[in-house]
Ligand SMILES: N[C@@H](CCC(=O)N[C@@H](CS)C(=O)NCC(=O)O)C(=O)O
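Only one chain is included here, represented as structure tokens and corresponding to the form predicted on its own.
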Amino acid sequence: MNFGDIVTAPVTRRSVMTLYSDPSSIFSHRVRIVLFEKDISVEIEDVDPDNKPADLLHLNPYNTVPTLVDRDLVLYDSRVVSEYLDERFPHPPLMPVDPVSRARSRLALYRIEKDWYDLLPVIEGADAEQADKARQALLDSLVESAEVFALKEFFLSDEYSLVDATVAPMLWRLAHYGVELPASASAVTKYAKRMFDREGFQMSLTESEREMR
């Protein structure tokens, strides 16, 4: 294992940030939402997951998207990229200032990834039986969490945060995943509409993502 690329990025310095992004990937969408919510100037390079550009592997040893290039810095993993953007461009802040609240937000992000995001590859997988089980597990979890969505205008917060930028792209894809929220989860539906109506979210959508609904 070679961690040299973290210390010295093997890239040419660029004047504008570049995001390598899959137009239909929830992880790329998560980062694009942050970019548009914070009105950050960036060049977005759409990447075909089945035909990735050769320079992506040179930049990112895992050859994955999203990958962010900011001058001589290269970052990958959607949460790492999102937190970097929030700290690099602090206004408006998308994470709480005090350490206790920041820790709670990070724990919420962890649970969203483990409890919800981890189900998505199974839902889209080739095993129909496992996909149905994962689809039902996601639906059940969202219904059980309806009271949490109803507590505040944003997810567990009075202000828009990286947590919302993580939850919103998943909710946008529910129909694509074959998940239909019942009336008992109306708080989730109302929350989703508030997030989808935001200008930053609308600007973040690619053509393929718009076609998902």
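Just so we're clear, the structure is a prediction, and the values are computed from it rather than from any experiment. For every residue, the number given is its place in the sequence shown, counted from 1.
Not pictured, yet referred to below: the form predicted together with the named molecule.
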item	value
4.5 angstroms heavy atom contact with the named molecule in the model of the complex for residue 86	no
Contact flag, residue 52 vs the named molecule in the model of the complex, heavy atom cut 4.5 Å	yes
4.5 angstroms heavy atom contact with the named molecule in the model of the complex for residue 186	no
4.5 angstroms heavy atom contact with the named molecule in the model of the complex for residue 27	yes
Region of this chain that lies against the named molecule in the model of the complex, out of 139-147, 77-85, 104-112, 91-99 [heavy atom, 4.5 Å]	77-85
Interface residue in the model of the complex among 35, 65, 168, 162, criterion: non-hydrogen atom within 4.5 angstroms of the named molecule	65
